[in-house]
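The chain below stands alone and is given in structure tokens; this is the form predicted alone.
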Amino acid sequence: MTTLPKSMQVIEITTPGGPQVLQPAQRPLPAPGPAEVLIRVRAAGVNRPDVLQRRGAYPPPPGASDIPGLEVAGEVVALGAEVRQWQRGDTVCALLAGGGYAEYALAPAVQCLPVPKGFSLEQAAVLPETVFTVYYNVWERSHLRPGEWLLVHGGTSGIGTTAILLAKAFGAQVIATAGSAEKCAACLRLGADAAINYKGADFVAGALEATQGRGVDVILDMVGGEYLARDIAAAAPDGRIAVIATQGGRLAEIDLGQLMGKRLTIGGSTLRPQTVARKGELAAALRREIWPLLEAGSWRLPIHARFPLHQAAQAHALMESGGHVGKIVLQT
């Protein structure tokens, strides 16, 4: 084995603020704990929670790295004493609680997954954060079934593209919202059955029209705020609404009569603060349910842009512009 360096390049958040506060720095190489692996990062995904953390609105959970970055892919270069499922030299992708914007990153061994056969490290790096989130909220919590309708807000985001591709792979029908005709067209190319430009049309009316007045069975909402009342109006009887972010605000006023009359279920969750054991259970479910679809060539997440690690600020500026379709990658 090649001798590991004593230090590594990382991207630090120097102070809460705009993209320019992301700056390269040197830090000591971390050592894995008993149940962790050290990964030589080759690619790291950029996600909306990273932007929130940079602004000071989404601090890492206790014990997690203050370096941003929730998903990586690369080679295992060191193992904790209790790790048995991985070996040095294995290529993996991993869900992290932080630390991904770096040349090396620690990950709990149970939160690692093998790079799917036929996937590059970049293609694998953009999987964990969005696939864990979508599978957990749409299938484990909202129980989307084949033939049902899923409404996805932000259809061209990393979460949105993942939800479209996964739902179609599992036989569901999908409506996506997006902010331009071009982005709606991109959703349709990914497989969505209908796409609604929320800047020019009412998504409630569009969802009811697509479902012949019945409404949608599951809604994946990363907007929150006033969208929640409209989600309730767009939902079918016995529908399920999963709120996973609050880009449109944390407070909502809803019609409880509609909620009760339709027998709706509203749930909310965040992934990052959950225990390693729970994330390990999700990783096992993904390996069983999702990885065979990936290796069969059913789908790959679109990668919109790639940046070298030291240009993390430019990657964040692109994400905040809303001009991307799919994922953004940092290369190390």
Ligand SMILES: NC(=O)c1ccc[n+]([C@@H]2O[C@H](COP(=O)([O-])OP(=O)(O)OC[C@H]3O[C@@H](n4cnc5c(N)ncnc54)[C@H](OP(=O)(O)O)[C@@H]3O)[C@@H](O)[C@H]2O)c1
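All residue numbers refer to positions in the sequence shown, first residue = 1. Owing to the predicted nature of the structure, the values given are computational and were not obtained by experimental measurement.
The same protein also exists as the form predicted in complex with the named molecule; that form is not shown, yet it is the one meant from here on.
**Student:** Which pick from 241, 113, 159, 127 sits with a heavy atom within 4.5 Å of the named molecule in the model of the complex?
**Tutor:** Filtering the options by heavy-atom distance leaves 159.
**Student:** Looking at 313, 13, 309, 319, which is the one with a non-hydrogen atom within 4.5 Å of the named molecule in the model of the complex?
**Tutor:** So the residue touching the named molecule in the model of the complex, by this definition, is 319.
**Student:** In the model of the complex, do 40, 107 and 276 all put a heavy atom within 4.5 Å of the named molecule?
**Tutor:** The answer is no: none of the three residues contacts the partner (heavy atom, 4.5 Å cut-off).
**Student:** Looking at 243-251, 97-105, 163-171, 114-122, which lies within 4.5 angstroms of the named molecule in the model of the complex, counting heavy atoms?
**Tutor:** Looking at the partner contacts, the answer comes out as 243-251.
**Student:** My question is simply whether residue 74 lines the interface with the named molecule in the model of the complex - judged by any non-hydrogen atom within 4.5 Å.
**Tutor:** No, residue 74 stays farther than 4.5 Å from the named molecule in the model of the complex.
**Student:** Is it the case that residue 227, even though its partner is missing from this view, gets within 4.5 Å of the named molecule in the model of the complex, heavy atoms only?
**Tutor:** So residue 227 counts as contacting the named molecule.
**Student:** So in the model of the complex, does residue 265 come within 4.5 Å of the named molecule, heavy atom to heavy atom?
**Tutor:** Contact check for residue 265: no, nothing within 4.5 Å of the named molecule in the model of the complex.
**Student:** Are any of the heavy atoms in residue 49 no more than 4.5 Å from a heavy atom of the named molecule in the model of the complex?
**Tutor:** Contact with the named molecule, yes.
**Student:** Across 83-98, which residues bring a heavy atom to within 4.5 Å of the named molecule in the model of the complex?
**Tutor:** Residues within 4.5 Å: none in this stretch.
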